[in-house]
Each structure stands twice: as C-alpha cells, then as structure tokens.
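Starting off, we have a lone chain in the form predicted on its own, written out as structure tokens.
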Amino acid sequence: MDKEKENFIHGVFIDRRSFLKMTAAAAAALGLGSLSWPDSAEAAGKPAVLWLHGQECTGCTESVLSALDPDPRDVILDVVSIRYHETIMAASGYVAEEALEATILEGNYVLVMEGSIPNADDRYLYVAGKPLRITFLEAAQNAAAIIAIGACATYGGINGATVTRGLGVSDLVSGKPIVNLPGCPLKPTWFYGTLLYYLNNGTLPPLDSDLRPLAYFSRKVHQDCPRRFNFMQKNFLTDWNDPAQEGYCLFLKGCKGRWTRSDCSLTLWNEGANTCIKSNAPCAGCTEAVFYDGFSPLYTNGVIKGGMIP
C-alpha cells in the first residue's frame, strides 16, 4: 500500500510534498536545514503522545492549535498519535482514563505537560478522582521524553506564586530527557520545532541551563527589540495617552525584555504579525524561571523580588 493511500485510510489525506514542507519549516526554525527530510519523514512514524493538564488556563493548547504552518491537523492526525488530551480528545469518562492508563503501561511515549503541579496539597487538583501529581509521576516514569510547555509547567508560573505553590516538571522529575518551552503562552513554533527535532533525531535539541532550546532562547528580547533605538536615546514612555511618545521604550512601564531570553522580537507571533512590545505591551518576562513571582508587579520599572534588577 503506498504512503498516500495509507494516509487517507488514517482519516486524513496529506501528500508527501505537504508533509515534507511542514517538517522542513519546523526544522528550519531549529537550524536543521542539512537534514535529509525525505529519509527522516519516512522514519518519523506515529509515536504516541500523552498530553496532561495541570494547573493552567489551556492557553498553551490554544496557542499550539492556532498555528498556521504547520497545520495542527496534519500533526495531530498524521504525524503523531495523541492518546490522551483532555481538550481535543473525543473520548470522555472511563474510556478516556482507560486509554491513559493503557498508554502509561505501554511506555515509550512523548509526555507533554501543560500546567503546574500543586505542591502545597494534592487536594488542590484531582483528575478522575486521583491527585494530578500521582498521575503525572506515573506518566513521567515510563515516558521516553518530556516536553513541558508554558510558564506553569516549566517553572511554576503564576501558580507558583499562589497558595498551591505550583511546581514545574523539572522540580519533580530527574533522570529523564526534559525540555522546557516556557511562555505565557508558548509560541507554537517552539513546540512544533522541538517535537520534529525529537522525531528526527531521537534526542532533544541543545538546551541552556534552564533546559530551554538554545535555538529559541539564546538571545534577549531587548537585543532585537523594535524600540531599542529609543532606549539608547533615553526616550522612555511615561504617558500612554501622549501621541508624541508613540514607539518609546517601555522600560519605565515594567518591560522585562533586558532580562528575558526568547526569539519573540525576531520572529514575532502569528506568522510574523505581532509581538507584545510591538503591540504596546511591556515584556512580562514569561519565558524566565523567575516569572511570575520574581517579576511582579509586572508594570513597575526594574523591580524583581528581593530588590532592583541591575
């Protein structure tokens, strides 16, 4: 049976050319242009994926599903086999939980964790009558690799600053391949690029000390900020309603771009349409481990927990 007919039987038609275009786009973001995509596409297969939700707003799922290139439908239906995802799966109740348990027993899957895990008391989050912490640890034990997506799943995020004292994946798991894709929410290209890298190489991309892919988190937002010229000229925005200050640096309004590593200012969001600073919102530093607690209050100049940012 040829590949095109097989893909149609799987429930979606995606020809070889479209698939290669999709994987090449994701690879380019990670600097993988030298790979032989025809060979890697054949080898990719349909690995199992478990996607768990902790303390979160589902914003990262919404971000990943809103991507335009690659089309999320192609990835979900033809590239991977998502066995469990509370937001998009058709199954519910006992049927859904049985699928989760069966996949955990099978092992060797990619575990995607969205949201933090309560640390103050397990009773803060139960799913299907069971503490989320227990389910997560069981799933992590048999996973081939773990992708933590969003600020909450990586470093605790907003929930880390609440009474639940939410923790990130690497706070609870060690000895497993873990990649952190922070952000509130994360950018879709970070997830798809990392996933395709793993499928083609069987390993995670080069990471920094905070377990973030260097390809996306090696430069500070400030380095490529469209308002950097005004920063150098000491043109700082003080009055949102003054037309003369349009485009001024947002440092005095709490911008954390000088201490935040991500490619937001380089590639922008929504297929290059916009980014926080470009839309007049100061960078909140949502890709850093100190977010949210350490960078709050967000709209105060230079404040970090414990004193002023140097």
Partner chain sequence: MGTVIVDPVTRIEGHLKITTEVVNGVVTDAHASGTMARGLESLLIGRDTRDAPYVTERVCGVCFGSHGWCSSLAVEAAHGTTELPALARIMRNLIVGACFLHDHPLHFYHLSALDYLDLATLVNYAGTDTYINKIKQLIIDNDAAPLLPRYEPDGFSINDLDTVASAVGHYLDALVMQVKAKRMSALFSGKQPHQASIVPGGVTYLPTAEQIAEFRTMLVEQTDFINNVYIADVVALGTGPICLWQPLTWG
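Computed from a prediction, not measured in an experiment: that's the story for all the values here. Numbering follows the first chain given and starts at 1.
Another form exists, predicted in complex with the partner chain; not displayed. Remarks below refer to it.
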Original post:
Here the chain is shown alone; which of V110, V173, C184, I104 has a heavy atom within 4.5 Å of the partner chain in the model of the complex?
Top reply: C184
Subject >> in the model of the complex, the one of Q223, Q233, S92, S218 near the partner chain [non-hydrogen atom within 4.5 angstroms] >> reply: S92
Subject >> Contact of L207 with the partner chain in the model of the complex (heavy atom, 4.5 Å) >> reply: no
**OP:** May I ask you to state whether P72 is within 4.5 Å of the partner chain in the model of the complex, using heavy atom distances?
**Re:** yes
Original post:
Would G247 count as a contact of the partner chain in the model of the complex, using a 4.5 angstroms cut-off between non-hydrogen atoms?
Top reply: no
Original post:
Does the partner chain get within 4.5 angstroms of any non-hydrogen atom of D263 in the model of the complex?
Top reply: no
Original post:
So which stretch, 137-145, 124-132, 173-181, 197-205, is the one near the partner chain in the model of the complex (non-hydrogen atoms, 4.5 Å)?
Top reply: 124-132
Original post:
Going by the partner chain in the model of the complex, which residues of 75-91 come within 4.5 Å of it through any heavy atom?
Top reply: I76, L77, D78, S81, I82, R83, Y84, E86, T87, I88, M89, A90, A91
